[in-house]
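Take a look at this single chain, the form predicted alone, given in structure tokens.
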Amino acid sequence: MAAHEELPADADAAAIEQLHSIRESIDNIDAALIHLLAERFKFTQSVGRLKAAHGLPAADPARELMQIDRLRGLAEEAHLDPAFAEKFLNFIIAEVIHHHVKIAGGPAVAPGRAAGAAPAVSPIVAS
């Protein structure tokens, strides 16, 4: 874990208090995101097992593109950069496909990118 930043000795106490409060909120949201991702991956693992049991392909490019479009729209509504939302989803999709391939007994290859999408900064969720 990174060390806390050094604050100037003459920093306004109220500003420091507000900074800590805001950061605590950010930390809580980060924790919630991790728990939501874990919950999402439980469902995508179920999808992977179902696909493997029935010989279905690990990737579903049409669904992936639909999800990307849907998330871009949600991002716009939420005033979040749609390009960022797409990169995040591509990362998740690539990780899910990687898991589906492993569940099906396929080769353990590094996660790639979602079908039809620009390369992700770091490959993670689709079903």
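Owing to the predicted nature of the structure, the values given are computational and were not obtained by experimental measurement. Numbers follow the displayed sequence, beginning with 1.
Keep in mind that the form predicted in complex with a small molecule is missing from the display, and what follows is about it.
- Proximity of A59, R63 and H100 to the small molecule in the predicted bound form is complete: all three residues have a non-hydrogen atom within 4.5 angstroms.
- Though the partner is left out of this view, V47 does reach within 4.5 Å of the small molecule in the predicted bound form, counting heavy atoms only.
- In the predicted bound form, the small molecule sits within 4.5 Å of a heavy atom of R40.
- Not displayed here, the small molecule is approached by K51 to within 4.5 Å at the level of heavy atoms in the predicted bound form.
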